[in-house]
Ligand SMILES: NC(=O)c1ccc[n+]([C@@H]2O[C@H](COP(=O)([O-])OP(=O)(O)OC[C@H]3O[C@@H](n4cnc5c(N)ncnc54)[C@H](O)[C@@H]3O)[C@@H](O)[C@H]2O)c1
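For reference, the chain that follows is the form predicted alone, supplied as structure tokens.
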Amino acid sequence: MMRVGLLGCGNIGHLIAAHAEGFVIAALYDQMPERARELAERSEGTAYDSFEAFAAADVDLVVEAASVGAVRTHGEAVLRAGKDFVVMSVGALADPAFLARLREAAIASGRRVYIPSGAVMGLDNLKIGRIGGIDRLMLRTTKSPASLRLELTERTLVFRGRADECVQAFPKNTNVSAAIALAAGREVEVELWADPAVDRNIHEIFAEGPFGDAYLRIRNVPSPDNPATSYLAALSILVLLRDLGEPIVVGT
């Protein structure tokens, strides 16, 4: 059975542990050691107080469920330790220089970096569309002001620009834009709206190219204990882990 190391033991980590099927969580690490120890008791894994000991643990791959900062700090080290790496905080890869270093580390170590679909659908179609070219690509995201740590009484445009700029301004809330940019292989025009009337995270994707045009709207239910993260994002990691062991995989 596949052995997984969990980097980050917060809300997403708990959801992964609660639905572990076809794999075991064998190693856990968190910046707050008590969180790793608490989740280790539930998952029957081993909690580590140092990242170095965690990286050396007997696991097949490491799932990051922490933050953009954790990916940038530990990503290359995970690969050099001989583990595949599943990246949840895709916003870290919006930095071209870091993305290049992570790719070089994966090649040098013979390992792979996996990026789940996260909080959106349609990434397969964007990967296909990039072959013929995508002429226009836009993401409009709407979230509650609370999830963006803002206090607003009416719908407000809080950001418009490129995906990498949006990640810098809102690193905990804009992994979707980075995932879309990676799938499409081009820059994404991003609008981020805060709306006190919404109770779900809404992502609208607009794409045009030689393939035709597409519009996709996703209304995500927030994770139970963290309104900034969608429940769908956590489930996408579980599907990715399940498919790694499947002989037949659906999707591009």
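Residue numbers run from 1 along the displayed sequence. All values reported here derive from a predicted model rather than from experimental measurement.
The form predicted together with the ligand exists for this protein as well; it is not shown, and the discussion that follows is about that form.
- Only one of 208-216, 41-49, 22-30, 192-200 lies within 4.5 Å of the ligand in the predicted bound form by heavy atoms, and it is 22-30.
- Across the proposed site, 11, 65 and 68 without exception bring a heavy atom within 4.5 Å of the ligand in the predicted bound form.
- Using a 4.5 angstroms threshold between heavy atoms, residue 142 stays clear of the ligand in the predicted bound form.
- Although the partner is absent here, residue 119 sits close enough that one of its heavy atoms falls within 4.5 Å of the ligand in the predicted bound form.
- Heavy atoms of residue 4 never reach within 4.5 Å of the ligand in the predicted bound form, leaving it off the interface.
- Contact annotation for residue 35: at least one heavy atom lies within 4.5 Å of the ligand in the predicted bound form.
- Contacts with the ligand in the predicted bound form, taken as any heavy atom within 4.5 Å, map to no residue of 46-61.
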